[in-house]
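Next comes just one chain, in structure tokens: the form predicted on its own.
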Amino acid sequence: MKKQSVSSKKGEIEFRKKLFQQQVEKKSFLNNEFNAEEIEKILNNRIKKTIEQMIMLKESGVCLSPFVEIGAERCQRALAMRNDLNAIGAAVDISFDMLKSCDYYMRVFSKSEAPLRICCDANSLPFRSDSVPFVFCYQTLHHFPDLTPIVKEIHRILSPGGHFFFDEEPYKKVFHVNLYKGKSIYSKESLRASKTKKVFDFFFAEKSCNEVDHGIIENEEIAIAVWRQALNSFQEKNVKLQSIKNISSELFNPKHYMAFLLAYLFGGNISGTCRKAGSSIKSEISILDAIICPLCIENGRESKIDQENPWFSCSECGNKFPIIDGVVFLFSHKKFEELYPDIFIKVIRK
């Protein structure tokens, strides 16, 4: 299993910092990226979609609280969970600046309560095994060279009977030839393209985006077989392949072979809800009770840590983890120093 390199993680951090400066601090750093007003409209639509999807999940019997969102970015979805759906949980991301921007977007979208924000590595989630009823992510799993280790971590922290929901992830296009370089997939030009141009680009354009230029992984080549294998540890799997136009199929036990074949060949987006084996869970547990020490994790222990502002501290190993601008850093010290050397030196080695 391939894991994300340190350089890719640093690329995520640096790129998201520039987005923060452009979209929150109103500075101009990145050509062809959305400005503050434009990204707020996009985020507002994402909030509405999240609320609709989560209500449907709740009505189907999924326990939404407490939750963990992986790749939470600006926390817009976690804000919707907390304020519109009365769910309590944690927003997790490797980007401190994205998590920090939550305060700004609380004001923009008139949200009064923030989720717990944790800056950490998805390859080593600082949550106790079998502890969280609901984990979800959007547009996240394809930022890793192999989604298997991330899904394995998600499965580990889920409570028996808990659910994992994911959406807006790509899977491999078998019928695809790179004839030309397309417009940036998250650009203004891409959004304005005609339907005909979008279909043509779907089959013949080489994907491009500012993220790749900063060393971030955009893994559009995750084969259906890899998705199936990564999700196979879940007892129940309701996973959908959505290709062009009205072509869609179930990933597991497809009902119509021809629809599955066309979806397989053309590629597209994959989404779904997966349930971990075990009895149904209760929602009374606190998300704070699920957090464990990232240093103890490396030594094979799951030691609970407690909040003592401005720190989280571990009674087992004695180490402390800082809370800065409302964000708690839960990395091992080695990884903390690698990814955020300036903050590490200022806070840990002061």
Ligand SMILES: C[S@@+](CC[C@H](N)C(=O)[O-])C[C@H]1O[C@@H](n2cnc3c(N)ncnc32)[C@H](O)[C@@H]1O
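It should be emphasised that the depicted structure is a prediction, and the values quoted were computed from it without experimental measurement. A residue's number is simply how far along the shown sequence it sits, counting from 1.
Missing here is the form predicted in complex with this ligand; even so, the following discussion is about that form.
Among heavy atoms of G162, none comes within 4.5 Å of this ligand in the predicted bound form. Mapping the unseen interface onto this chain, T140 counts among the residues with a heavy atom inside 4.5 Å of this ligand in the predicted bound form. Of the heavy atoms in E73, some are within 4.5 Å of this ligand in the predicted bound form. Proximity of N123 to this ligand in the predicted bound form: non-hydrogen atoms within 4.5 Å are present.
The stretch in contact with this ligand in the predicted bound form, judged by heavy atoms within 4.5 Å, is 142-150, chosen from 142-150, 260-268, 230-238, 105-113.
For the options S101, S131, S95, S249, the residue carrying a heavy atom within 4.5 angstroms of this ligand in the predicted bound form is S95. Not one of S303, E337 and K346 comes within 4.5 Å of this ligand in the predicted bound form, counting any heavy atom.
Taking this ligand as it sits in the predicted bound form, the stretch 10-33 comes within 4.5 angstroms of it through a non-hydrogen atom at E12, R16.
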